[in-house]
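Next up is one chain by itself, shown in structure tokens, the form predicted on its own.
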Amino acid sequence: MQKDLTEQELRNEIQRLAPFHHRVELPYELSTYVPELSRRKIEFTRVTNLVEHAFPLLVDVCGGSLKGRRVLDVACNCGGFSVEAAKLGAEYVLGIDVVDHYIEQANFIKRALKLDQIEFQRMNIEDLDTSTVGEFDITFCFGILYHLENPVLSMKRIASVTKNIMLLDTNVIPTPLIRKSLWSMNMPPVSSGLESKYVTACLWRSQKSVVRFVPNETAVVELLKFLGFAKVKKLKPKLGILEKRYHKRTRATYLALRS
């Protein structure tokens, strides 16, 4: 059994592993947010804002808590949303990411908060399979859809291990006058080798130029229904909670249910 981390050990690890993309509260009134090392203002508010926006409906459809539920957190980053699922009573949470540094950050947070019901693994979406990870009652799919070179194939892998509920948050292209399903193709430039290894957008793709696709809102709904989620609800953003991109309709959150 690992010994509890002292206050100084926590401070040392926070400094060593910073910046964190999620602010997570830690013992001794510390947090993973280090202002002088932060890269974006959203790092301070991202978890709390999305939790306040999306989790009330999730908890409601789950009967008031996540007690006894198995949760998959895809592209978990440093694990902020995995922690929130554990706090809401999830029996087991698996967070996966392709970045070793994020997994190291996540395991540090797990140890600091003594959340044994969470596990973090370095894993590609393509490797998700019921034979290796089992099935999950709930899957979080936050900030990953628009990074995927093969979004339908990758989302089929995620859906194949999701029994009941998917909570998805993604960039979208606003097409207010068009109801058809559309995807915007984006070809990033060839890597210069200068990108930070801690920038998410550079990590869920190879270092070579790849095609990526950003959907409009209709495309997200139709994709989720294609994956077998009969009920799909777009969550309406509330003023004062979320960033401007949600109100400008360039970002959206969806709750999808199998039945």
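These figures come from a predicted structure and were not determined experimentally. So that there is no doubt, residue numbering starts at 1 and follows the sequence shown.
Although it is not shown, the form predicted in complex with a small molecule is what the next lines describe.
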Honest question, do 69, 88 and 138 all end up within 4.5 Å of the small molecule in the predicted bound form by heavy atom distance? no
If you check in the predicted bound form, is residue 183 within 4.5 Å of the small molecule, heavy atoms only? no
4.5 angstroms heavy atom contact with the small molecule in the predicted bound form for residue 92: no
Check residue 117 for me: does it contact the small molecule in the predicted bound form (non-hydrogen atoms, 4.5 angstroms)? no
Using a 4.5 angstroms cut-off on non-hydrogen atoms, would residue 53 count as touching the small molecule in the predicted bound form? no
Within 4.5 Å of the small molecule in the predicted bound form by heavy atoms, the stretch out of 130 to 138, 107 to 115, 173 to 181, 75 to 83 is 75 to 83
